[in-house]
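Shown next as structure tokens: one chain only, the form predicted alone.
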């Protein structure tokens, strides 16, 4: 039984296989004979709204021969307080796999434990593994191997996207720089689990070099990737005003891009709020990369689904 619950727990060999298979799924999308989900029904259980994640998974499941049903919190007894383990044990007897987008990481892990079916984390407050797999695939497609490169994340460094970047760096051996105010940097225990000692040095044998700094220009200098995400994640709308004030200086713009390498990729996992985490000019100048990144969610997630049932 295979689950994709987090990049932290995904074995390196499986991560690499997913990335290799995604190349084939993208190149051979027109093939109609690759149907590992034939005669299967998968559920998309989303407590958080979505555009790219929902469309890419629904399309991917259908292209792999499966049927898909979409269940929001209002469609299930979960919305009225049924324990996740009870929902899991019911659905596990009826469907063949589940893709879950919710708030608590524990809900995805509990569903996987009790359902007995392949379970995929489509986003929680702790991790966004499918997004970062697609991001790495995009980098490899456009620039080659990511090992030894420098990825700079600018903005809210404590949210799910940079956390998943941390686990990717720990496994794949690239340098990750997180530029954020002290309050918005990743928790120390996450960094320690990734192999970074409390004094900021790498633990013996650790692959990753991870730098957390409030100096955004230092973080951007010589980077191969400049990456950002929204400043106000879903569920944090009450903090919007305070977050906008605190993160105002952590924007990807033309000044910051000039500090990175000449061929650096500017990436955004979308949706983008122009004038906040990235300015309009920089977004449009890098739109081709950003929307290739979005498209690649489909191809990588097909690779994930195929891996999960193999």
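Everything quoted here is computed from the prediction, not taken from an experiment. Residue numbers count along the first chain shown, from 1.
The following text describes the form predicted together with a small molecule, which does not appear among the structures shown.
Which of these stretches, 143-151, 209-217, 83-91, 157-165, has heavy atoms within 4.5 Å of the small molecule in the predicted bound form?
Among the listed stretches, the partner-contacting one is 157-165.
Going by heavy atom distances of 4.5 angstroms or less, which of 242, 69, 270, 285 would be at the interface with the small molecule in the predicted bound form?
When the small molecule is considered in the predicted bound form, the option within 4.5 Å is 270.
Just one of 234, 104, 73, 188 has a heavy atom within 4.5 angstroms of the small molecule in the predicted bound form, so which one?
By the 4.5 Å criterion, the partner-contacting residue is 234.
Does residue 177 reach the small molecule in the predicted bound form if we count a contact as any heavy atom within 4.5 Å?
Although the small molecule is absent here, residue 177 would stay clear of it in the predicted bound form, with no heavy atoms inside 4.5 Å.
Give a yes or no for residue 172: in the predicted bound form, does one of its heavy atoms lie within 4.5 Å of a heavy atom belonging to the small molecule?
Output for residue 172 is no: heavy atoms all beyond 4.5 Å of the small molecule.
Decide whether residue 230 counts as a contact residue for the small molecule in the predicted bound form under a heavy atom distance cut-off of 4.5 Å.
Residue-level check for residue 230: yes, a contact with the small molecule.
Verify the contact flag for residue 123: yes if a non-hydrogen atom of it lies within 4.5 Å of a non-hydrogen atom of the small molecule in the predicted bound form, no if not.
Yes.
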